[in-house]
Structure formats: C-alpha cells, structure tokens
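The form predicted alone is given below as one chain in structure tokens.
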C-alpha cells in the first residue's frame, strides 16, 4: 500500500530530519512501479509529481496519494497539497508555465533561505537532490573570493557560497524569470547586489562577452540541463555533446589553484576525459546523494582542476 510505503520512509527519515532541522526533503522517491509518484515536502506543503503512464490512472493515483497523506498527516490542508502531472518530454522540448498564481513560500536550508513556487512551474525553484552537493560545496568553497555560477537557475549555489564567506558571486542564466527569482532570493538573504550579480545570458555568449574583460574566478559551478532549445541559442544544447566545450571554456576562467564543480542529471552521461583539458578530474557523486533519495542515479558530480 502507498500509505505503508510513505509511513516506512517517514519513520526512517524522522531522526535525520530532526537532527539536521531539514524543512525541505523528499518523502517518497518513485521506486515502486506500482506507485509512480514522487512526494516532496516544503515546510507545511506537499508537492507531488504523478508520472504519466499508460498503465495507471493519474486521477486514481492522486486520490490514493491524498488519502494516504491525510491518514498520516490528519491536519493536512488540501490547499497545501499540490499535484503535478509529469509527462514524458520530447527531445529538447521545454516545460511551459503551468499557472500564474505567483504565490511563494520560504524554506530554510542551514543558514540559507529560498523562495519556493509550488504551483506555477513544473519545478519549484530548489533542486532537493543537490542539497548534499551544496553541503559539500560549502566546505570546498571556503577561502574562495570569487565564484561563478553557470546555469544558475534561482541562485542556490551562489547563496551557499555567500554563507561560506565568498565575497563576490556571478550567476549566469538564460531565463529572465530565473534571473529575477535569483535576485529575489539574494534580497531574502541580504546579499549585496553590487557584490553578488546576476547576468541574463546564454552561457556560451557569456564566455565570448567576457574575453576582453579578463574575468577570473576561484571556483566555478556548472549545473546545466540535459538538453535545451531556445530562441536565444544558435543550436540545441546537448550535455553529452557539449560538456567538453563547456568545461574547457570554464577552465580558462579559473585562477591558479581554482576548481570547477560540474554536475548534470543525464542518466546515460559519460564524461569525455580525452576531450577535457585537465588531468585532475574526480567524480564525487557518491558523496552528494542525499539521505532522502533512494535513486543513486539522480545526478553525477565531478571536481575538475586545471
């Protein structure tokens, strides 16, 4: 039963949630083929992905999930339970806005605070699978002065860098929406906008635009999508094909002794060592899978030095 699966996971997670004071976490991973649902918790809110399938009725899955959660959390308000249907995407297609409620809640992760939108987009504004990656990064980045965050989304790695003592961060993303969201997150965390800047640009255009400026960084975070197609791009971005160019262009921007943290969520990804201008590459994926994720293939993470 779905209720039993949720209850078992909750019992497993409770000591860890209490010890770490975790507010946003994965309550249920989509591990049982009988229940193609994922349940994430953000404070008092439950965010549920129902995965499109020929074999299951999304309506029945939603009903069973509601009944299970209501049984375990009797005080659950229906307004705090958000369902989304996760459809299979065609290659390079983009998710569209789902609604325009513009309602956001705040969740904490350590010292960091994030604005979460649970209704308007397929994703919420914070990738929970990278919670432990951010924890690892927070230790590695200490002592760095300048950090570049590429494909920065809503700025989580930049916020982590700020709380680790980094003086300057530059966050680059192609989306106007995500850049505005990142700025709101920075305001929420009282980050100086003159020291923590957000640039809306295609990452590859950004590389070209700063060549004459001699910008250098002590640490660079690269967390790109698997594929992306946009009017702002000359061609579709493909992580498997394009990652050597992406990493090599970033290596040129590192100060001596600098580091790149490179991650992606493509399950079939294979790092092309021969095409990367570095012999110092270390995979740290196993160190970055959070306790609340049973899916060990959720992402891959590497540390790369010149």
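All values derive from a computational prediction rather than experimental measurement. Positions refer to the first chain, counted from 1.
Although it is not shown, the form predicted in complex with a small molecule is what the next lines describe.
Although the partner is absent here, residue 157 lies within 4.5 Å of the small molecule in the model of the complex, judged by heavy atoms. Although the partner is absent here, residue 120 is not a contact residue: none of its heavy atoms lies within 4.5 angstroms of the small molecule in the model of the complex. For residue 169, no non-hydrogen atom is located within 4.5 Å of the small molecule in the model of the complex, even though that partner is not displayed. Residue 175 belongs to the set of residues with a heavy atom inside 4.5 Å of the small molecule in the model of the complex.
The contact residue chosen from 153, 217, 207, 186 relative to the small molecule in the model of the complex is 153, the criterion being a non-hydrogen atom within 4.5 angstroms. Listed residues 138, 144, 112, 228 were compared with the small molecule in the model of the complex; 228 is the one with a heavy atom within 4.5 Å. The candidate stretches are 196-204, 161-169, 72-80, 102-110, and the one lying within 4.5 Å of the small molecule in the model of the complex by heavy atoms is 196-204.
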